[in-house]
Ligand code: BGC
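Form predicted on its own, single chain, as structure tokens, below.
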Amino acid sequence: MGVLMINKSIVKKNILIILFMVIVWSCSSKTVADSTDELDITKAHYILSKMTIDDKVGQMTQVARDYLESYEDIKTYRLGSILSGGGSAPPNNSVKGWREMTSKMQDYALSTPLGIPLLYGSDAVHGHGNLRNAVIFPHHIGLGAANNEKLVEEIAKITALECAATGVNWNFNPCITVPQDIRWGRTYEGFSSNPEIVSRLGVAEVKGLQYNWNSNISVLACLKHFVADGGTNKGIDRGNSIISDKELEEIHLYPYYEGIKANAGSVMASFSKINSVPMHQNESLLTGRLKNDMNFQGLLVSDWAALTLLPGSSKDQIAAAINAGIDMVMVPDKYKEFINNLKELVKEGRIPEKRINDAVLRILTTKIKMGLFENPKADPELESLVGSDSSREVAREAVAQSLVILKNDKVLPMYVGQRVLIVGEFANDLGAQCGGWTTTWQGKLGNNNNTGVTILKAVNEALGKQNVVYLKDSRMLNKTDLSEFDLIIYVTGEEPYAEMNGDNPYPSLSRVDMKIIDTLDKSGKKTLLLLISGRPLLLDGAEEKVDAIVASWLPGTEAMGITDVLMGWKEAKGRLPYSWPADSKGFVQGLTSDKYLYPIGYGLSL
């Protein structure tokens, strides 16, 4: 029997499929959407029927770009997906460089006997963060403060466009975690500690990312991390969530119901455990709850090398995860070993072929629904739209809406002609504004990796550079005559971080911060404390020593949105998405209000 080549039009050309399509369209009483879904599934079944075990196992394998030994391996091992982890980019980190890389990879995938295109994944969690000079939006915590579904959907559409322009067709987002302890290093990836807010904004992000399937902007959304990643004991990343069924249902599962109804095409399992059971081997939740009870029809992917954290040998780990319901494994490195082990497990009967077929069918159906067979590569015409002025205006508006005014004692709004001293290195640092998942996994300080507007530049433009003095080194405060200034703005907060590196048992202002605030307090000058952070920070009494406090979270590249509010040009709409602790007891969300300095939903208007 000759080898059947399946390319962009293979299903259309096959006479059996055409006949089936005629029957469905002419005889079925179902809706057009239902009929389309059936046709997609039928196409997937047809492709599956032509697949060998090598084809199937390859589709279930996701390899990190950094660890791919050669592009030829995409063809040899029939790989189903490639990803760029945080900071992973081609040597030419431009739209063209990305497009050329992903296009070449797709060529190898399309040259396999069945010609199945690749899913290319990335964590574009606040814009296409791996792409140099992309538009970087506020992290989810800021969008939770804005609490505007239309805005979130528009941001997701822009993110989808910038991803698609580079050949990235799978965004590991939205993160619909519901953080319950701000000591967790991924708090800023959650919209809020309130599951209702997380649910609404998560749905908006799914709609925005997937808004243009079957086109040149076809991006797959991914709900993560299933489930209760934000409920771990003491906020320890990848830790153990010790919770009741009621808490699991009402807090952590809540956003997934709506996200799945919104047709999110993929879900990522969590590194964490629930009541000491690792999620990646939790069959009752991955298959029983997610796939069966919640009727999730998309593909379920593992997290980065998560299987290696399971007990037992490599083969034991793979068997446990696949049998629990994982469809695609983010290996990400030892992919040849993984492929051999998975094939052996099937041959030995430790993983039923039925489970393999179910996983591959989900992967194929997703790719077909997205239109990847028709549009597997990035469209060069999209390049001119990346980083556009209109997209940056949306980011600026998002920053403005995300700002939360916590205190204002006759300081705001600022006014033209005012003499202002700005203190602190963060005031002139795009890296600080953007935080983690920006150009590198952890993010980094500095202005060399992004195009945008710093807080200093924004204030200079608002007030006139002649009215602004910048003091980067706060140690020079004691040598500076403060009498000439009407207002002093101290910009401080947290340096960039991501995931477990951000876990902090005591998130608060630093000792250096407190010394500077003491100095400013003694000066008798009006002082505004402007915070850049991925979570509420314990103020340790600083709130009594300054005249105004503004939480700007991790605003991204467009700081003009900050001065839009500080100057009173735009309404102060932001409200706290998390309760702000009064002391360390308030790190845990959901306690009685006396543990909080400012409760969830708090925010002043001007």
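From 1 onward, residues are counted along the sequence shown. If you're wondering where the values come from, they're calculated on a predicted model, not measured in any experiment.
There is another form of this protein, the form predicted in complex with the named molecule, and it is not shown here; the text below is about that form.
Picking from 470-478, 71-79, 336-344, 222-230 the stretch near the named molecule in the predicted bound form, with a 4.5 Å limit on heavy atoms, gives 222-230. In the predicted bound form, Asp123 approaches the named molecule with a heavy atom inside 4.5 Å. Interface residue remark: Glu494 is not counted as part of the site for the named molecule in the predicted bound form, having no heavy atom within 4.5 Å.
The named molecule is not drawn, but in the predicted bound form it has a heavy atom within 4.5 Å of Met330.
None of the heavy atoms of Phe485 is located within 4.5 Å of the named molecule in the predicted bound form. Proximity of Leu83, Phe172 and Met268 to the named molecule in the predicted bound form is complete: all three residues have a non-hydrogen atom within 4.5 angstroms. Checked against the named molecule in the predicted bound form, the residues Glu153, Glu397, Asp429, Glu499 give one hit for a heavy atom within 4.5 Å, which is Glu499. The contact residue chosen from Tyr490, Trp437, Trp98, Phe296 relative to the named molecule in the predicted bound form is Trp437, the criterion being a non-hydrogen atom within 4.5 angstroms.
In the predicted bound form, Asp303, Trp304 are the residues of 280-318 with at least one heavy atom within 4.5 Å of the named molecule, listed from first to last.
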